[in-house]
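Let's start with one chain on its own, the form predicted on its own, as structure tokens.
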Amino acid sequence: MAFEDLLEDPVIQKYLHELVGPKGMPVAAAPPDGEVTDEELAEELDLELNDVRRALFILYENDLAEYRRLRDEDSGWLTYLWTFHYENIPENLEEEMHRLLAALEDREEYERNHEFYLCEVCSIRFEFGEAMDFGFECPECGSPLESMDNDRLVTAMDDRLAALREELNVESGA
């Protein structure tokens, strides 16, 4: 898939934005063909060099860019030539989805296996042990803590887990 096609996908745009942030998005959204220096990118995009370097390093850390170093024979200065590898984005997104699945499974299990109490005034939630330690009174306002039914939350998590598993083509508990 060409860079242009990838960059039109809103999911990929969001992924890149989450990686590099608003200051780095012009760098991520305009990957040149071939090699380019950070200075060339900064000048072409009218950005601060540090912002460009920060975005390039983040892309490098996520296997979306690589560099080649050249040393100037006369001055000894190093020049970094950057190449973008956005063909790795789909694999990176799938890894992120697997991490999300694992985290959501852990959270769903936590929600299912704990009893919670809520201060309806402050909207602070406590586990049973904490609520008991506070005498079932909110430590902030002194209001009584009410037993909280989190069945809707657990159901919503179950639905999201099922959708993620289907999208990733994995079995429950895998």
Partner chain sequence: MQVCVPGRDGDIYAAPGASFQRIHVRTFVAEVVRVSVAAEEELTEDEHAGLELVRETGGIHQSDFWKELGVSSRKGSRIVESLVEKGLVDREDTIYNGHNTYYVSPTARDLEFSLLMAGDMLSPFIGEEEVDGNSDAFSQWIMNLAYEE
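Residue numbers count along the first chain shown, from 1. Computed from a prediction, not measured in an experiment: that's the story for all the values here. Heads up, when I say rigid core I mean the largest set of C-alphas that superpose within 1.5 Å between the two forms.
Below: the form predicted in complex with its partner chain, not depicted.
The candidate site formed by G21, V52 and L64 is entirely out of contact with its partner chain in the model of the complex, as no residue has a non-hydrogen atom within 4.5 angstroms of it. Not displayed here, its partner chain is kept clear of C119 by more than 4.5 Å at the level of heavy atoms in the model of the complex. In the model of the complex, its partner chain lies within 4.5 Å of some heavy atom of T37. A residue is said to contact a partner when one of its heavy atoms sits within 4.5 Å of a partner heavy atom; I124 fails this definition for its partner chain in the model of the complex, lying far away. Remark: E130 does not count among the residues lining its partner chain in the model of the complex, judged by a heavy atom distance of 4.5 Å or less. Residue-level contacts in the model of the complex: of E115, E146, E43, E140, one residue has a heavy atom within 4.5 Å of its partner chain, and it is E43.
Interface residues of 21-39, taken as those with a heavy atom within 4.5 Å of its partner chain in the model of the complex (partner not displayed): M25, P26, A29, A30, P32, D33, G34, E35, V36, T37, in sequence order. A movement of the C-alpha atom of R71 reaching 2 angstroms or beyond is seen between this form and the one not shown when the two forms are aligned on their rigid core.
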